[in-house]
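Form predicted on its own, single chain, as structure tokens, below.
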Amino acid sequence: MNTDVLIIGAGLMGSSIALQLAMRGCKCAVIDKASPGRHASGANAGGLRLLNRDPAEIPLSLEAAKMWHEIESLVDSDCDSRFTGQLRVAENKSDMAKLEERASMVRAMGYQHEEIIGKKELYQLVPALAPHCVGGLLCRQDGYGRPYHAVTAFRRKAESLGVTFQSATEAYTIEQEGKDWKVKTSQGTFNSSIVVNCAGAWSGKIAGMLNESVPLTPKALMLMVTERLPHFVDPVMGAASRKLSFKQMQNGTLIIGGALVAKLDFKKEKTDLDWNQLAESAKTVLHFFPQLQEVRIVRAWAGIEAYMPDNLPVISASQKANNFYHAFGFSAHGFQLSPVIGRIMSQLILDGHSELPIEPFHINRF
């Protein structure tokens, strides 16, 4: 098959990049060793988070937030997104000092999206919260979407513009012939002028085919979902000094996470849930919402993610070969960034530069 751009990885990043390139007239093909969104893109918590971003990511995250608030105009679906805000709760003066230091740093950078709130406003926002908390750090623009809805919407919109997606297509070898690329896969050979590596936890293997080694670590992040409950909380909930991340979805269920890592056999793509960690996570939720004591957990799972040592993604051209690009290593916080990554990569590929500052994400930092 011949194409202008071959994208390896059909998760949200690959689909978003294909969409933006197709909008600018490129012929794109997207291949995936499994199926679109099979791993990180389809198994995450769907967080749309500006709050507590690494400073290097804030400009990208702000632009992504704008795109999410108008996502239907891009992909013809709202991706079931809701913008209920996100909170990091302080339980004591020490927690408040930590949150105030963070808010001051963000303000010093010229941003206003993270704001300190006191106890009164905290309990106006979350009246069901246990009474011992003293305040919090709030981002009112934040919220959540549904990963499956988003992956499907981005893919379908890209397909409507002529992008082809091919599942069960694993890249075996990548060779440059002149200025073009030949990628041999389990489903035949692809010839392309440009290749983009956004293969998630397998991106290190793809980069290695160019002798461009990166210190990527695959990890399996765990999540739990409860039975449906009457509505009791709007914001996505976090805590200043505990591992807490949960939200109440539109159907009343709670999605509970908090950087909980399962045991992973990467070669076999097999995960074993760590029930002790999950039990501790459930206890943390009960610490803040003791009224949930009798609520049942109905399912738990883990999705394989790509982690970098500094928890920042790689967003750059290859340093080893021309017309080869990378977008991977989002370290379990890429969902919100996905629309803007598509725009950035399309600019990088077609214009040679991005409108947004991406120097901190260059592959040469390793």
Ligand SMILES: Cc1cc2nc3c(=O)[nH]c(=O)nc-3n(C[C@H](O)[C@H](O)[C@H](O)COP(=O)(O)OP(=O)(O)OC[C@H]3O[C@@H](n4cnc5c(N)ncnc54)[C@H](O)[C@@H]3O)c2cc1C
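Keep in mind it's a predicted model, so treat the numbers as computed, not measured. Each residue number is its position in the shown sequence, starting from 1.
Not pictured, yet referred to below: the form predicted together with the ligand.
Using a 4.5 Å heavy atom cut-off, which residue among Ile58, Met308, Met67, Ala34 comes into contact with the ligand in the predicted bound form? Only one listed residue qualifies here, and that residue is Ala34.
Considering the ligand in the predicted bound form, which of Ile304, Ala29, Ala300, Cys26 comes within 4.5 Å of it through any heavy atom? Result of the distance check: Ile304.
In the predicted bound form, does Phe335 come within 4.5 Å of the ligand, counting heavy atoms only? Result yes; Phe335 sits at the interface with the ligand in the predicted bound form.
Heavy atom to heavy atom, is Gly342 within 4.5 Å of the ligand in the predicted bound form? Although the ligand is absent here, Gly342 would stay clear of it in the predicted bound form, with no heavy atoms inside 4.5 Å.
Taking any heavy atom pair closer than or equal to 4.5 Å as contact, tell me whether Leu99 reaches the ligand in the predicted bound form. No, no contact at 4.5 Å.
Does the ligand get within 4.5 angstroms of any non-hydrogen atom of Ile206 in the predicted bound form? Close contact exists here: in the predicted bound form, Ile206 approaches the ligand to within 4.5 Å, heavy atoms only.
Using a 4.5 Å heavy atom cut-off, which stretch among 131 to 139, 291 to 299, 169 to 177, 276 to 284 contacts the ligand in the predicted bound form? Of the options, only 169 to 177 has residues within 4.5 Å of the partner.
Flag this candidate site as yes only if His39, Cys198 and Trp202 all have a heavy atom within 4.5 Å of the ligand in the predicted bound form; otherwise mark no. Yes.
Residues in 39 to 72 with any heavy atom within 4.5 Å of the ligand in the predicted bound form: Going through 39 to 72 in order - heavy atoms within 4.5 Å of the ligand in the predicted bound form - the hits are His39, Ala40, Ser41, Ala43, Asn44, Ala45, Gly46, Gly47, Arg53.
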